[in-house]
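Laid out below as structure tokens are two forms of one and the same protein chain, each shown alone and named structure 1 and structure 2.
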Structure 1
């Protein structure tokens, strides 16, 4: 692992340094933990070009987001496959072992993210073998979002017939209602940073042959992935769906990563547990009303007894 990381960093530095070799003659000195005069945290690395120096005072931007993807224990196979699909779509991600979904998972995950040198974390949490929750967290300073995932279709489904290069950079398309509210804006920014493969990433490929569609419909974020089929020119281009498909229902946005103050709460959100309880109660109510009606009838009969029939003994001898 350590070796890999070193290589990656060296490659990045080499790439970054090449364009401005003329203007920046000396490289910053390297220490064991990073660069001497560069910023250490990944946030700063992203916002300004930490080590690579400046060209005429304008900081060169480098996208260095790395995403840790993991899931909870006892996750359903379908959801695990969804996670693996997402892993195959993001060449800049690192997959980690399953994490126990306890109340202390936030701390564990934060530690894990730091260990793996990542700036984002996607955590697929499966509860009750039924419900999938997806956490997207910017580490270590937040924010983090918790989604409920609905309508999951994995890439393995045979009706999704497209295919595309592994690691080619996707085109992200958003609907304009992402710019309407602050929380959607935040989600859009996070999604962009997570799902866009960094330019010149070593595992990325230099062509564009798939497109992600993020759309807000009915206060849910719908995700689709299409292959761009080249049929000789952009006008004749068609799309074929590759998958996966899912629909994200935002539940809460927190200030920190996997915790912290709540910034947003979905007012429409009803947990699947409540929905199931409701259905159960509806079913249970049917029997209860029947029993109640029976007792009521009995009480009524007892209270209002029939008058004795005066002709009852007429034919008896």
Structure 2
């Protein structure tokens, strides 16, 4: 063991030490604008590449966007499993508690997004324990989109053979229909910013082993998730579906976050309540035709009575 210094020697060492050596290094300022710390200023000679945050004096962009995923209360188990599947596919998302589905949900969600330091929000809203609506919003200034979710199939239901690494970065593919109309172009940009995993994210893996496919068929957006299977060369690369599956029917596009001026409204949208009402009317129409047929039969019997049978009492005693 080393010898202990005397009290006088310790005082001399403390006086010889400079204030820079004694004080801890100053922490860089926290930035929320997407730029690395100290990126704008000149590169220091003794600083590391991570602390300097610039390459040759050029600012380096760091994507800090995160997505908040939550749902409404009294949601069905099937829709909750779909939300959990989406959470497992997006390593840059944050899951929060359930939110009450009322008129003030926009202010509540904007506050939650700000508290969780996110920039986008996906809100799964279930109504009447039957219908599922999906909100995609850029918080806090918008825009936001409201979808009706149809044809829901979770990973537990499908039991497909595909599999990919959890947290790997996906490749997003879109059909050419997204470039035709302005509202489809806006939806494409929002989907890209939400579903694309930021580069060098701490929870992501530096691999591309699956594909997110978005296709427009009959004015609906169909989502599929495929695994990239490379059995040898590039020519032998195949796609195996992983799941989940769902279909998005756009209802409205708003200028603000969860509200605001309407930028686009789907003219072909029919609410599920109207569809159920039409089905009830159709069933009620069948019953009404049966009642009318019975009434006509009775009226016909009254107008055309049968003649009395002369042999009816022949075998009676």
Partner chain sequence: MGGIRREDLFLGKEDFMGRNDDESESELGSGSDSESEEVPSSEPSKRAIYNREGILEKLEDISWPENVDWIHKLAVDLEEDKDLDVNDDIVRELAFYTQALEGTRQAYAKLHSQGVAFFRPPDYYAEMVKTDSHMLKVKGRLLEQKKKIEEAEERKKARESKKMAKEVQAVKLKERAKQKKEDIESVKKWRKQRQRSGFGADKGEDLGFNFDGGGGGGGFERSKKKRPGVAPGDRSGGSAKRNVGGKEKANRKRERRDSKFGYGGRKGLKKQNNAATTDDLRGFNKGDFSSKKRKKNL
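Here the structure is a predicted model, which is why all the values come from computation and not from measurement. We call the rigid core the largest set of C-alpha positions that still match within 1.5 Å between the two forms. Residue numbers count along the first chain shown, from 1.
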_Just verifying the output here: the form predicted together with its partner chain should be either structure 1 or structure 2. Which one is it?_
1
*Answer yes if the CA of residue 274 moves 2 Å or more between structure 1 and structure 2 after aligning the rigid core, and no otherwise.*
no
_How many degrees of rotation separate the smaller rigid part's two orientations between structure 1 and structure 2 when the larger part is superposed on C-alpha atoms?_
25
*Rigid core superposed, residue 306 Cα shift between structure 1 and structure 2 in Å?*
12.0
